[in-house]
Structures are given as structure tokens and as C-alpha cells.
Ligand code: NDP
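One chain comes next, on its own, written out as C-alpha cells in the form predicted on its own.
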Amino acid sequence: MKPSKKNIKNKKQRSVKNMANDFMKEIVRKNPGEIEFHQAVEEVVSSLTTLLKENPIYKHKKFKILERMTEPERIIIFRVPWLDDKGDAQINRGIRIEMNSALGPYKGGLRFHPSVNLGILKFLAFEQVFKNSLTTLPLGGGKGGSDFDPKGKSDNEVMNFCQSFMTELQRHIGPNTDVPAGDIGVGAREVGYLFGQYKRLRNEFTGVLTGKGLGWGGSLIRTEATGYGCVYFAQKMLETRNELIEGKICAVSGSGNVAQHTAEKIIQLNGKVVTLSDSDGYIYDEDGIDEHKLAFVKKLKNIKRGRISEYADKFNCKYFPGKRPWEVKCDIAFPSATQNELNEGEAKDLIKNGCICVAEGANMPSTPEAIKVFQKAKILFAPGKAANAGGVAVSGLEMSQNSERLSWSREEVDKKLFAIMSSIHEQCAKYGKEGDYIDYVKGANIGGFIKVANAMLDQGLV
């Protein structure tokens, strides 16, 4: 009896699903205990099943695109010895993951935080490959960092650590090889110390790091770019439903660079920011955080390096220790702190309280279960690899300015940033359209994958 078209279709679907399951089993076997990396890979693979079925070249055994894409091209692990202010030796571990260079030199931040380990950096590097691809700029993907904690350290101790870290890293990076930037725990101070040591050792002034000071090769808007870009992306999503940020109540987590500039752009667009947080808890300002209050936060976090609870004392608002802001009533949520900070229960709370849009300012801040809640409710949901790509986009623009020995105006860079975020939204909508709903996770994963995969096919088995 001849099999029906329906049976043939179901058989093909099972075949692709089995392939995905087998692939993930192999990922887990080869990368034991790296939970965040497993999570990031599974999200991408689950989005690609239809694409792989329709384009068998991407899963052909001769090329093994996915296998190569999930295996870093290079992992560098090194010891970082440094002296503290007491004159005692301290030892940390430095890591750089050079994940994929099919589209250009490795590009991705450095994270200094006690939680840094191989699995977290591999997840971040893997996400970075797709994020950089979506920007349409010629950038590969990488990530790095150390388990060093800048919190509570003196400027001298941070300088000693950064100089030791760069003494080893400098031999593996360069403006046409690998261009790191900042991330959690690596701000303007740290980038300055790192760049100074690179220049000292290599005797060259090149665009080897982005996020530099404006007086020595940095780009206007780079500091603001991730936060601004996230809001621009949310704005494009809202436009698909004839909505605006103006007048919307917004919950923002975190209080570092991304959160600060997300809040700043929301305020500029006449939205109302009511929360900020740090690892100790969150503040809820029912009256809204205005420019004056935000200036206090910037001074508190960037200069005094204090805790967000001080905001509640200063402006007489509510502070919730040990909690996250997702229980607050809001129209739009911007998780901008760290990975897996928003779980299934909190996602349900957001939906129940009327949230219509979630834009990830951090990398993978929503758990897989939370994402399913958002998608089931068919609210607007933007994954970090799309929504927070503004930072690396302007890093790419900084690299261009360094190469040409030029400095573009604030307005020019901001205009380019908006254009790039709009282009990313278009790609996500193109590949994620499902009837009257846009699956931005699927769209971002497919859009990012196709460009990298095609480049890898063109360049052969390398």
C-alpha cells in the first residue's frame, strides 16, 4: 500500500525531531554540566527544525554545520595572578571563547564576575554568533572573562588584575582577529586599564577593544547602545500592533549600564519606568523614575558603586529585598540584569498583570518555561540575541571609526543604531511570521543561522 502524503510528512517531522533530540544528547555528552550552554543550543536547534527539513544541505554529514557551529573554534584558559592592596598574591582564572569567525573577527564582551565559568561563557559566545550575524556587520562571535569580582576592590586592585589579565590575553587578540568589549563587571574603568596594558605590551594604538573612552578612540552612543537599542526594538514590535511606548508603564530589572540606558530611552519616549533592581532586591517607584532620579542612580552605581536600596531611602519609595520586579503591574518588561532571572511563575504574573511586551536587555534572562508562557499568550517577546544587539552593533561602528581614524557625531551613530535595530526586527519578522503572530525567537534564530551557515559552506571544512 502506497503511503499517504500525510504519513510521509509525519515521518519527515519525526525524523527531524529525532535528529534534534539525538543532537542535543550529543551536546550534553560532550559538554557535561554546562546547563546554560545546553539551554542556548536547544533553543536554537528547536527553532531550526523546519529550515533543516527544507534545506538538507545544512544538516548534511559532509558539512555538519550545526556540529561545527556549537563547537568553539578555540578556547583559551589561563591563570591571572595579581597583588591586592595588602601585597598578597591572588589567583583568578581567565577565559576567552573564540566561537565562530565565519563572518569576521571574533567579537564579544569580557565579563568579570564570580559566576563566570566555561559553560556560561560558551552560552554567551554561542548567542553572540547569532546576535552579531543579525546586525549585518562583518563580525564573528566570541566571549570571555574571569571569576574575578570587581565589587569591593580598589581602583589599584582592579588595575593590577586587568593588567595581569591582558598580559596573557594580548597574544590571542587583535583588531583583525578578536576584538573584546565590556560586559558585566567590565565598564569604562576596566576597559581603560585593559587597553593601556595592550598598548604598552604591543607598542601599537589599534581598535583592539571597544567601549573605549571618547577621548581615545571610543564611539559616541556606545555606552548607551544596548539599552537604547533594546527600546528601539520594543518600539518596532509595538508598531506591529499600532502601539507606542508613550504612556506605557515599564518594569526594568538591573541597575547597571543596560538598565540605566533602557530607562533613559523609555523616559525620552515618554514611557514610565517604575522599577530598577540589583542582586539584593528591587525598588518600586509608583510616581515613575524621571531624569533627575535616573541621574542619582547613575552616580550611585557608576561612581559610588552603592546598592539600589539607597534609591528607596532617597526618594521615599518601596524597596523589596531579595525579590525581583516581575510581580509589579506593567505594560512592558525589560529584563536587563542577568541570565535566567525571569522564571515561569514570574512570566505568568506578568501576563496576569497586563504585560503586552517583553524585550530582553540581558542575555537569555528568561527561562525556557517563561518563554513558552509568553508565546502561548501571544504577547510580543524579543529574545536577547535580537533585542540587545545594539551594544555590539555600535561596537562594530566603533571598529569602523577606528579603522578610518574618524569620529562620527552622536546623531549619526544614533541614526545608524536605529537603522540596524530596525533591520534586525525586519529579519525576525520575515523568518518568524506565523499567521498573525511573529515568533521573534524563531525569527532571530533562523535569521542569524542562515547567514553564518552560508558563510561556513562557502569557506569549506574549516
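What you are looking at is a predicted structure, and each value in this text was computed from that prediction instead of being measured. One-based numbering along the sequence shown.
Note that the form predicted in complex with this ligand isn't included here; everything after this is about it.
- The partner is not drawn, yet in the predicted complex one stretch among 108-116, 162-170, 83-91, 264-272 has residues with heavy atoms inside 4.5 Å of this ligand: 108-116.
- Highlighted residues R222, T226 and G254: every one comes within 4.5 Å of this ligand in the predicted complex, counting any heavy atom.
- Contact between A362 and this ligand in the predicted complex is found at the 4.5 Å heavy atom cutoff.
- Mapping the unseen interface onto this chain, V258 counts among the residues with a heavy atom inside 4.5 Å of this ligand in the predicted complex.
- Among heavy atoms of N132, none comes within 4.5 Å of this ligand in the predicted complex.
- Interface residue remark: E346 is not counted as part of the site for this ligand in the predicted complex, having no heavy atom within 4.5 Å.
- This chain appears without its partner; in the predicted complex, the one residue of D285, D278, E327, D147 with a heavy atom within 4.5 Å of this ligand is D278.
- For the candidate set S366, T210, S336, N100, a heavy atom within 4.5 Å of this ligand in the predicted complex is found for exactly one residue, namely S336.
- Residues of 310-325 placing a heavy atom within 4.5 Å of this ligand in the predicted complex: none.
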